[in-house]
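The chain that follows stands alone, in the form predicted alone, written as structure tokens.
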């Protein structure tokens, strides 16, 4: 498989990893949209949200829990943060391995920009 996120999770490509456990890896986004911009990925390759299986529900919950826990650890939980997941190219998904964007450290506007 030629997935850049799988290669990061397997430590075949470098990244600034800030958290990892048996199921997820968290690293800095190369093109941050906020002072804090982390990517939270599962180690398991799942291309898009549309490909999530019922058996993946615990993993999906773990991704969200990891985002919440990191927001607290990074000191952005109280002021507010954004968690984003894009699904398919039309929504802005550029890497086809599901991932959450955790953004914070500044006021977030709507629509995002």
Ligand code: AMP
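Every value quoted in this text rests on a predicted model; they were computed, and no experiment measured them. Residue numbers count along the first chain shown, from 1.
From this point on, the text means the form predicted together with this ligand, which you will not see here.
- This chain is drawn without this ligand; in the model of the complex, the residue among 36, 63, 71, 39 with a heavy atom within 4.5 Å of it is 39.
- Contact annotation: residue 93 falls within 4.5 Å of this ligand in the model of the complex, judged by heavy atom distances.
- Contact check for residue 86: a heavy atom falls within 4.5 Å of this ligand in the model of the complex.
- This ligand in the model of the complex comes within 4.5 Å of no heavy atom belonging to residue 81.
- Within 4.5 Å of any heavy atom of this ligand in the model of the complex lies no heavy atom of residue 108.
- The partner is not shown here, and in the model of the complex the stretch 60-81 never reaches within 4.5 angstroms of this ligand through any heavy atom.
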